[in-house]
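Read the single chain below, which is given as structure tokens and is the form predicted on its own.
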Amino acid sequence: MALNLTEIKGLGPKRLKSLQNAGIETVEDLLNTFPYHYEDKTVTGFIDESLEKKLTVKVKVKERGKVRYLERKRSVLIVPVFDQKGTEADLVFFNQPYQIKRFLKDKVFYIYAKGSLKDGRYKFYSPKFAEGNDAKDFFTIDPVYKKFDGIPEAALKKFIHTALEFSELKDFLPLYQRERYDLMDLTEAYRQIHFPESKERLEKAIERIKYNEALRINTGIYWSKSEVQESEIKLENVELVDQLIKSLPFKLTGAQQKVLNEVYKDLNGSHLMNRMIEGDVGSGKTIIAVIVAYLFSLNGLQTAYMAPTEILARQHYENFKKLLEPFGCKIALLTGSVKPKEALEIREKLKSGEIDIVVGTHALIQESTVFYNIGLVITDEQHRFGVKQRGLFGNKGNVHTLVMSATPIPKTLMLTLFGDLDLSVINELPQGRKKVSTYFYTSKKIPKILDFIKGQVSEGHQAFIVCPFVEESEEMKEVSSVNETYEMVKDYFGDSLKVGLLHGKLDQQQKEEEIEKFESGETDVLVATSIIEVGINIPNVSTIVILSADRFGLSQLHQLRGRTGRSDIKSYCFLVSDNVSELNLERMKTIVNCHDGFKIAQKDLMMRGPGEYFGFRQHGFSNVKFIHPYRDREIFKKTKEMIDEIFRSTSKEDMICKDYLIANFNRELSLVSMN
């Protein structure tokens, strides 16, 4: 693109700085600043249809409006109107008393807004409007952009318009591919995205951008799969692993044994293993990691197990120690909170080969962490690490990779997002695990829920109470904060129960002390944030209460519920929220009635969308705006075929496209590549 941001008229130093602070450095970045929403004023309807979504309604003023003045010079203008069916409503304008002159009796207006129903009467608050005789330009599809400091939306649109007019956009996709899939030209797609002429043209433009985004992702997957290394590791003594399996206090499920066999097959192959083990809450993934790590130690090879949080790392460290130290394995814990002297000693032992298995966090991928003979890397909670972070282990040796995730993801989606990984699914729960009885209540029932907890504790059990935030927010006073809840719960129970507090703002020592107290039974009830979502395994917990449950995603609620039901104790989950909207009631009903994490994840994805669910930035797909990995599976499939064809072709136009993909998506490729 020949045009530079500094050449755009009206984009002075302050506004340029504002864009740069938001990561917009080039004209291409500006054009890729897509609207996050569109106001479609072409959709028309009647007043009683406006409760579901925003739409355009033709109304007539019933009588002259009235202005009510409030304190501090504030005012409310209320204009009664009715539509063509005779349904009445009020237009409500705040601090705009002058508008009363426009809304004269019998005048016709088009309004655009979402209605609400209050005391049996429809209300439209601060609607956009146009007089009936002057409404020809009202029926448009208007893009809405996120706000930038010091840049009005109208100015941003002007900058984008200039960028489109004077940039030299060239379509990188070969013409035969565009014709085959009936794709819009790239320049026209950008024009329609930012200045849509019609709903049909906008949909075609979005489709084209989706193809671009899917091409970026599939390019990364193709690149990483093409770089799979041959294995230099030969493993023996597999029969000795049976001694460990026989020593376990439980029998492996059929699903666990199947996954273990798939791992063995990988390890006997000619290429390095690159496998993901996907399993629902409590399905028993950790024991697979323990068994495989033990096999590597039998062959003189080290294993690194990387967890996303110190709490989770410590839990796994304790599990590995309990199961493998009796078999002579040397195990260490290396996290950011380990004292420098101790960390130095651990690193020296890793370098000399005295440690067989190290469990830790990001400290494991620091340059100062050097291994004597690393053979296996296990990363837990796949979605919480950037692929680049996980790939740094490739610089430490010829290693097999095993990825564990308790975040349930539908299989078809799994293959879409992680096409460079072979997939194993543990879809069977260990014997003795019971379903957690789940209920949804409003906050009025909190006293009864707390009384229920008291009864559970009297039977020798424990409970979690989870809040979405550490501190109360002025903007969201209805949302439960952990500090506020802790004080309330302490006051309610008095001296009858011991209550603990756990959240991310505590230092590491405080967190460990609180967890130890809870594990030992010294604390009866632990009030916490979602920090307990993964890595907390306390079989004695029979109850979890999730306050402001509407603030969590469905999969997160399922994960939190999974902190209970980890033994043969009858367990309970109480979802508490005062949000009784139709959407939230549907979400809560899903958790109450469904215990299959994969079905819940699919529902979550459909309701929330992929960005929030996966956090694409962690996968290196930072510019994904429109593609939905579940709904747009066909686009992923087609672009995979396109990539295969383009990257194998030697034709001039395919070579140009290939070079463009590699050059322009270099940042994404560096994150996706496993090297």
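As the structure is a computational prediction, the values presented were derived from the model and not from experiment. All residue numbers refer to positions in the sequence shown, first residue = 1.
Below, we turn to the form predicted together with a small molecule, even though it does not appear here.
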Next item on the list: Would you mind picking out the stretch of 574-582, 285-293, 494-502, 518-526 that comes within 4.5 angstroms of the small molecule in the model of the complex, counting non-hydrogen atoms?
Entry: 285-293
Next item on the list: Could you work out which of Leu252, Val108, Val370, Cys594 is the residue within 4.5 angstroms of the small molecule in the model of the complex, going by heavy atoms?
Entry: Leu252
Notebook entry, point to check: Of these, Val263, Val281, Met276, Leu324, which has a heavy atom no more than 4.5 Å from the small molecule in the model of the complex?
Noted result: Val281
Notebook entry, point to check: So, in the model of the complex, is Lys570 in contact with the small molecule at a 4.5 angstroms heavy atom limit?
Noted result: no
Next item on the list: State yes or no: in the model of the complex, is some non-hydrogen atom of Thr401 no more than 4.5 angstroms from a non-hydrogen atom of the small molecule?
Entry: no
Notebook entry, point to check: Does the small molecule get within 4.5 angstroms of any non-hydrogen atom of Gln256 in the model of the complex?
Noted result: yes
Notebook entry, point to check: If you check in the model of the complex, is His194 within 4.5 Å of the small molecule, heavy atoms only?
Noted result: no
